[in-house]
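One chain comes next, on its own, written out as structure tokens in the form predicted on its own.
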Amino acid sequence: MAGALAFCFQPGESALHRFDPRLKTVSLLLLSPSIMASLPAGLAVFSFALVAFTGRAGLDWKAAVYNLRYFGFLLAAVFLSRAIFTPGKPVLVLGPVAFTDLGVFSGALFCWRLILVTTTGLIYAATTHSREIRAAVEWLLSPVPWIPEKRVGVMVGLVVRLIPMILDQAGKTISAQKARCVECRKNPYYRLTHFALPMLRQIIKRADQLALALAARCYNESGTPPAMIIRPVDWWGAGAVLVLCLIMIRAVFIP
């Protein structure tokens, strides 16, 4: 499970760990679109606030960066596609490929946004237990008619629990491939099929085992949620998040 550490809950006593999960979930829902709509000035303010508030959370950032190292390929692809195909003044020409000024700016800005959204989500997952996430989802959906909030909460809680399991199984499958020298095969279709099919087989098998274990324990969606109390400091934290969101989107609506 070490390979999935970035997506696992990490116990702690920091302010982020003690932050009410309901307000924390609402804060995440507000921050994500605000980050994607923000301009560089707002992103800089949020980046500074993110470093300041998470410095004492005790999270293993080195392991998180290592586990998300392949995320850099996605960022590189996004940056190159925007830098090359966005119209603008060429700033670097490499044969038939030209990097434009607007493309470089747009690619860097979009990658910055993706990094902040991903980091915010990881902080939420690392400081919020799955049962608290389930309770927060049920609380948010309870006023909405015709939606079974308890069932949705159970599904979200299981997804949070299963993501580390899926990543762990992917790591085991890759290790098994290396032991059998599958990575030495040049045919990408052969490598992909011999990675995806065994991994999917094991994931489905473990999902069946989980369903049988829940049924054997008479598990149902009407369990007692954890006790949650919103403290005054939680309201202050939610207010700080709201202020950050307003700062980030201010430049979008005000010329």
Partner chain sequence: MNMIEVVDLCYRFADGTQALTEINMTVERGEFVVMAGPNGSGKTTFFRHLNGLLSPARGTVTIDGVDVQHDPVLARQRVGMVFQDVDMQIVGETVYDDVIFGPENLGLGRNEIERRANDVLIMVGLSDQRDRHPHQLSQGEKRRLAIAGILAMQPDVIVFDEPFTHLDDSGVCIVLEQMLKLHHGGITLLVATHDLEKVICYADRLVLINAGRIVEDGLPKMILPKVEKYGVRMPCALRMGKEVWPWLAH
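Numbering follows the first chain given and starts at 1. All of these numbers come straight from a predicted model, not from anything done at the bench.
Same protein, other form: the form predicted in complex with its partner chain, not shown, and the subject of what follows.
Listed residues A52, L192, L29, C218 were compared with its partner chain in the model of the complex; C218 is the one with a heavy atom within 4.5 Å. Taking R185, R113, R161, R151 one by one, only a single residue has any non-hydrogen atom within 4.5 Å of its partner chain in the model of the complex, and it is R161. A residue is said to contact a partner when one of its heavy atoms sits within 4.5 Å of a partner heavy atom; G239 fails this definition for its partner chain in the model of the complex, lying far away. Contact check for G58: no non-hydrogen atom falls within 4.5 Å of its partner chain in the model of the complex. In the model of the complex, its partner chain lies farther than 4.5 Å from every heavy atom of P232. Contact annotation: F19 falls outside 4.5 Å of its partner chain in the model of the complex, judged by heavy atom distances.
Residues with any non-hydrogen atom within 4.5 angstroms of its partner chain in the model of the complex fall in just one of 125 to 133, 176 to 184, 81 to 89, 99 to 107: 125 to 133.
Counting a residue when any of its non-hydrogen atoms is within 4.5 Å of its partner chain in the model of the complex, the hits in 183 to 216 run Q209, L210, L212, A213, L214, A215, A216.
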